[in-house]
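What follows is one chain in structure tokens, specifically the form predicted on its own.
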């Protein structure tokens, strides 16, 4: 059965053949100016013929690739028609240059014809590069941007003055997607039918459905793909492309978990201190000098983790990233693991010294796994929201004496479970939204954990007298 998609995928490999061959033919034509090279003149028609044939083959595979639906817009149209014209020029040049042809008797015209062919090849190749690597890829690095306020070429992140006042999507998330995602998911190329350069397109998703679930980062396909091992065929971006940093992934996870708002500022959406500290990297140097941040890692160093263990865990889908490589501390995310989380946590126990940030959001974690979590004695941040844990598992968390951030949103936790946290002096932020803690228990919760900032969700704005508009009948009676 004919597989157009498979043949179309050969286009990036085949397209380099006519480029090299036709450039060689054009250069040989100009070398004929020197007597020592004129003996090679009979080769020019043969080389041109091969170049023309491969150009035609590149056009065929290119048209099949276009039919896959992953390319669209002016860029692919320009590249397509310039490629067809190049194949036509190369074929015409061969016919005119072959033995006994018109150009063979007029060397100056032959050289002029080769210039036209070389120009066509160059233009087609450049537009093909724009299609693959993004518009203006040839000039990347020539126009520095960023902290000095100079103009950007559109492919480099422009620092913001203050993260809190920045528009979450326009100034931060949108920029990350433009620099790392849009070359494959933009106006000219849409792998998987997905575009990430526009609000409505992001929400619409791609051929396989929606990619973000506002409010539920752990259930969002986009984040899952970002956190896959680079070797995985579904990892985004492909491993040969520029990868998202820890800060980029943290930004996107925070944005989705907060509802994926496209209009509000970071401050209006709401952000915890530790996430804010990570995102401060997006600020310009002139802004960061006036801020002090809480430390993300303990001051003392720890030994590096066993590389063999890290590799074993990564093959099972665990995302492990360095938080501070100089000190040896790590964060782990089990969103894409291939077997039950409880069993993987057993294998992770040798990381008790290095692991300070653990993300288990939306996983199949149970109370049995909580016992393993208690072994990570240096944990500072723990996300176990939308899991299967109950009050019984909470007893294990009381052993985490360094824990500062705990997310229990969506878990089957009652007030009795929170009693286990009473002795945790370091706990500064607790999310208990959508748990089984009743409104009647809330005063006791705030009293029990008076030193922690407690997020209960379900925000409601107070009703003010000024919110009411009184309509008066002004018609004359």
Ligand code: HEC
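Keep in mind that this is a model prediction, so the values were computed, not measured. Positions refer to the first chain, counted from 1.
Separately, the form predicted in complex with the named molecule exists; it is not shown, and the next lines address it.
This chain appears without its partner; in the predicted complex, the one residue of 191, 80, 378, 399 with a heavy atom within 4.5 Å of the named molecule is 191. In summary, among the residues 279, 256, 358, 196, the only one with a non-hydrogen atom within 4.5 Å of the named molecule in the predicted complex is 196.
Contact check for residue 322: no non-hydrogen atom falls within 4.5 Å of the named molecule in the predicted complex. Although the partner is absent here, residue 231 sits far enough away that none of its heavy atoms falls within 4.5 Å of the named molecule in the predicted complex. Contact check for residue 241: a non-hydrogen atom falls within 4.5 Å of the named molecule in the predicted complex. Interface membership of residue 206, defined by any non-hydrogen atom within 4.5 Å of the named molecule in the predicted complex, is confirmed.
Remark: of stretches 390-398, 329-337, 164-172, 182-190, the one touching the named molecule in the predicted complex is 182-190 (heavy atom within 4.5 Å). Residues from 205-230 that approach the named molecule in the predicted complex with a non-hydrogen atom closer than or equal to 4.5 Å are 206, 207, 208, 209, 211, 221, 222, 225, 226, in the order they occur in the chain.
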